[in-house]
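Single chain ahead, written as structure tokens, the form predicted alone.
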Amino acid sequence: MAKREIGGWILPIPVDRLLKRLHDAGYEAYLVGGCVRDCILGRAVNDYDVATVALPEQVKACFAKEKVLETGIRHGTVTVVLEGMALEVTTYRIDGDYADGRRPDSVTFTSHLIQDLSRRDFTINAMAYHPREGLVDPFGGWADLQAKTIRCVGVPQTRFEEDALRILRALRFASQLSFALDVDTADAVHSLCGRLPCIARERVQTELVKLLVGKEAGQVLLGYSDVICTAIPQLKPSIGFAHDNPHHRYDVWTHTCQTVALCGEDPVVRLAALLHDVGKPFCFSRDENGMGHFYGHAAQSVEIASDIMKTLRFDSKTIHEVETLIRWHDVPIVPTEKSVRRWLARIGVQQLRRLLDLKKADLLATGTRRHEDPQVQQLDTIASLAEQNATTCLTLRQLHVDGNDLIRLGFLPGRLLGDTLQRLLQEVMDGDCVNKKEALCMRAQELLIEKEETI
């Protein structure tokens, strides 16, 4: 059993006290999994999971005065809420068969830490740590972290046959950590990715999003396109589909991967980047010179992307936001203050920022444009105008007059009043009228007089 110290790791007080209380009661307990991995890598630790020889009922007895939730009692897990911090505590266990390819049919509790670690997916997640005992690393996780390698514990095929979600987890870790899969693990990922359809769509969604926001998402998507297309079959026609257009150096799938890589790490933007051209293969045509075109591909991509996101159980807000970005990603934006204000009113500040991020990545991912190209610099100008006008009056709620003000000026409730408010808002957005009550009332009176004179 290899042991190392993890220098400088200061545990949160509740975590330290939980470990101490279990040890004082005579129960071996260690921090396990992602928190150990992330600490070694110097990454922020968000969740602390504890494995212990104590049975669930013994854990509950140790923390009888604390709030203890039976969050996974069937598999030996309880959640102890200590000083406001929720900590999962799981009894050492050996997993039974995985008939559904996702979860063990049964578990057997064990008194041996190594047996518990041996059931885990990857060596970098199969380490345990205690402040007094140091690092327990029976499968070479430390060395794999130094080598930036994702390697299965034991035989990769067995690990993935037990739980097919581990295939996507392997890719997710490669993307997040900028690691590479070792040869045997990569081979098993490719050969067993056909098992992915048996995984709940919600779980696929979770791993996909985590993969997409990773630093190496573009390279992982490109290197494991067969896996991604098994999870999302609608992407398969994009692979190798040539643009046959001088403005594009890459095929549709390679361009897509490049676009994902060049976007910021906002999950909505990355998801839109993945799906923004999914409709292209169905909209291809050639002109009289043999040049390829994809007229209407944005609308087609919205339709297909919507089906994909609904299948993967995305929430309606995310679906709407991604659809909006895809719908407008190929529409030019005029780099003027008036135009930018209208876009801000149409889709809002956050969505316009996202759209500009997507449009810039989409341009650069053609492989034929650079940051200094006029079209790219124009997007920078638009982004600057968007920030300058982010607090501009964009909605009726922000207008410094309302219906009651106009009624006091002589308007009657009805369509004319509503149309006048919309006209005032448009003039404020266009810079033709200032958003001050006195100026707006004067302008409203002018519009009322104009209307009366035409009757």
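Values in this document were obtained by computation on a predicted structure and should not be read as measured data. When you see a residue number, it is the position in the sequence shown, counting from 1.
Although not depicted, the form predicted in complex with adenosine-5'-triphosphate (ATP) is the subject of the following passage.
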| query | finding |
| --- | --- |
| 4.5 angstroms heavy atom contact with adenosine-5'-triphosphate (ATP) in the model of the complex for Asp49 | yes |
| Non-hydrogen atom contact Lys360 with adenosine-5'-triphosphate (ATP) in the model of the complex at 4.5 angstroms | no |
| adenosine-5'-triphosphate (ATP) contact in the model of the complex: Asp38, any heavy atom under 4.5 Å | yes |
| In the model of the complex, Asp144 touching adenosine-5'-triphosphate (ATP) (heavy atom, 4.5 Å) | no |
| In the model of the complex, the residue from Tyr224, Phe173, Tyr129, Tyr92 that sits within 4.5 Å of adenosine-5'-triphosphate (ATP) by heavy atoms | Phe173 |
| Contact assignment for adenosine-5'-triphosphate (ATP) in the model of the complex, among Arg169, His248, Arg342, Arg195, heavy atom within 4.5 Å | Arg169 |
| Which of 114 to 122, 67 to 75, 228 to 236, 373 to 381 sits within 4.5 Å of adenosine-5'-triphosphate (ATP) in the model of the complex, heavy atom basis | 114 to 122 |
| adenosine-5'-triphosphate (ATP) in the model of the complex - contacting residues of 182 to 209, heavy atom within 4.5 Å | Arg203 |
